[in-house]
Each structure stands twice: as C-alpha cells, then as structure tokens.
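To begin, one chain is listed below as structure tokens, in the form predicted on its own.
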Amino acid sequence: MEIKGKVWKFGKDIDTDRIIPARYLNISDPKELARHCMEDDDPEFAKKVKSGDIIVADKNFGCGSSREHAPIAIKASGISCVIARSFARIFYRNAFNMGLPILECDEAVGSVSEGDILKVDIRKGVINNITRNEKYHAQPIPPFMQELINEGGLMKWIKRRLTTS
C-alpha cells in the first residue's frame, strides 16, 4: 500500500486530548470528530487538511487516555498515515484497530518539514520525501497489521472473517 500526501508537523507528547479534545467525547460520528481534530493546536487544521495528507510528529504521539476517538478523528479528517519517533502503546494499538497506518521513523521526523510531500510504502517501510528528494526507512508494518489496515480496522476484519468462515 502506497500513500502520498502533504506533511502536517507536530511536536512531542501530543496527547489524545490535543488530538480530539475531551469536550467532544460524547460524539460518535467520525465526520463530526474530524471537524475537531487537532483544533486546540491549530483551529483551522480540519479545514486545511486534504485526503491523503500525513501527520509527522516527534516522540510519544497519542499519549494520555486510551480513547479510540483519537485515531478515529485523525483518519476521518483525511490523514492517511502518522509518522512519529514513537507512539504511546495504547494509541499504537488503537490506531491499527481503527485501520490507521502508523510508522516509527526517527530519520523522517528529523528531516521533513511541514508542507513537504511524502510517498510512503507501508508494506516496505520506505518513506520518500518528494520535496527534498530523500529516502527514509521505517520498520515495515507486519503483515497481520497490514490486513487490519486494508480491511479498515479490527471490527471490519473480524466481520469479514466471520462471514467467510
């Protein structure tokens, strides 16, 4: 699976309350959650992001609570992938459960700038910075996790398995 999009850059320790503020946790509609994604860091983020764009962040992305709203809001906003130095473990699991591809790559985080265009091969873990003509290598997403992403998340994967068994 290849992804191509514009980079939106964020710093370290982006917690789930910054991804989707707690005041919106009573919302279950992904499109409505997307309207509030990252709004406390950038009130115009949801209006500016385009389908396929990519978030690049420093370490510990998704720390804080275990809310699934965070990867849902990111994915529904149009973000196709998140690249960070590291992810909070519960966010890491929730992202795959929701079908949101994530990659850990120090090299990319240190080199890319907001607005760069990246082409990401999540199967191989290769990140090409089209803007800078650079290539970075992340740990490829394991095959089972790729299945979850391709199906749109864990629940859709389970549903398909139950209907084909």
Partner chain sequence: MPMTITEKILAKHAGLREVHPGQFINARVDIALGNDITAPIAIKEFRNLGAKKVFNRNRVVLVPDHFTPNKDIKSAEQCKIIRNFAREQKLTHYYDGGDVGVEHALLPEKGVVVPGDLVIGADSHTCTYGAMGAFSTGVGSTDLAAVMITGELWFRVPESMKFVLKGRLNKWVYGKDLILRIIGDIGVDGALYKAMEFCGPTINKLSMDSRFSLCNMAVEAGGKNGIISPDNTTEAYIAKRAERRYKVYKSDRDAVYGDVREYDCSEIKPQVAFPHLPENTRNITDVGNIPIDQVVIGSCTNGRMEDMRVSARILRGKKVPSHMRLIIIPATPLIYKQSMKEGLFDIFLGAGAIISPPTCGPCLGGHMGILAEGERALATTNRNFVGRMGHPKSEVYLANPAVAAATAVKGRIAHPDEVVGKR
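Only the largest set of C-alpha atoms that superpose within 1.5 Å between the two forms is called the rigid core. Given the structure is predicted, the values throughout are model-derived calculations rather than measurements. Residue numbers count along the first chain shown, from 1.
Missing here is the form predicted in complex with the partner chain; even so, the following discussion is about that form.
- Interface residue remark: Glu32 is counted as part of the site for the partner chain in the predicted complex, having a heavy atom within 4.5 Å.
- Under a 4.5 angstroms non-hydrogen atom cutoff, the partner chain in the predicted complex has Ser66 among its neighbouring residues.
- Within this chain, Asp13 lines the site of the partner chain in the predicted complex, having a heavy atom no more than 4.5 Å away.
- Although the partner is absent from this view, Ile158 contacts the partner chain in the predicted complex, with a non-hydrogen atom inside 4.5 angstroms.
- Of the residues given (Ser113, Ser51, Ser28, Asn133), Ser28 alone sits with a heavy atom within 4.5 Å of the partner chain in the predicted complex.
- For the three marked residues, Glu44, Val126 and Ala138, no heavy atom of any sits within 4.5 Å of the partner chain in the predicted complex.
- Residues of 58-96 lying near the partner chain in the predicted complex, listed in sequence order, are Lys59, Asn60, Cys63, Gly64, Ser65, Ser66, Arg67, Glu68, His69, Ile72, Ser86, Phe87, Ala88, Arg89, Ile90, Tyr92, Arg93, Asn94, the criterion being any heavy atom within 4.5 Å.
- Superposition on the rigid core between this form and the one not shown places the CA atom of Trp157 2 Å or more away from its counterpart.
- Taking 2 Å as the criterion, Pro140 counts as shifted between this form and the one not shown: its C-alpha moves by at least this amount when the rigid core is aligned.
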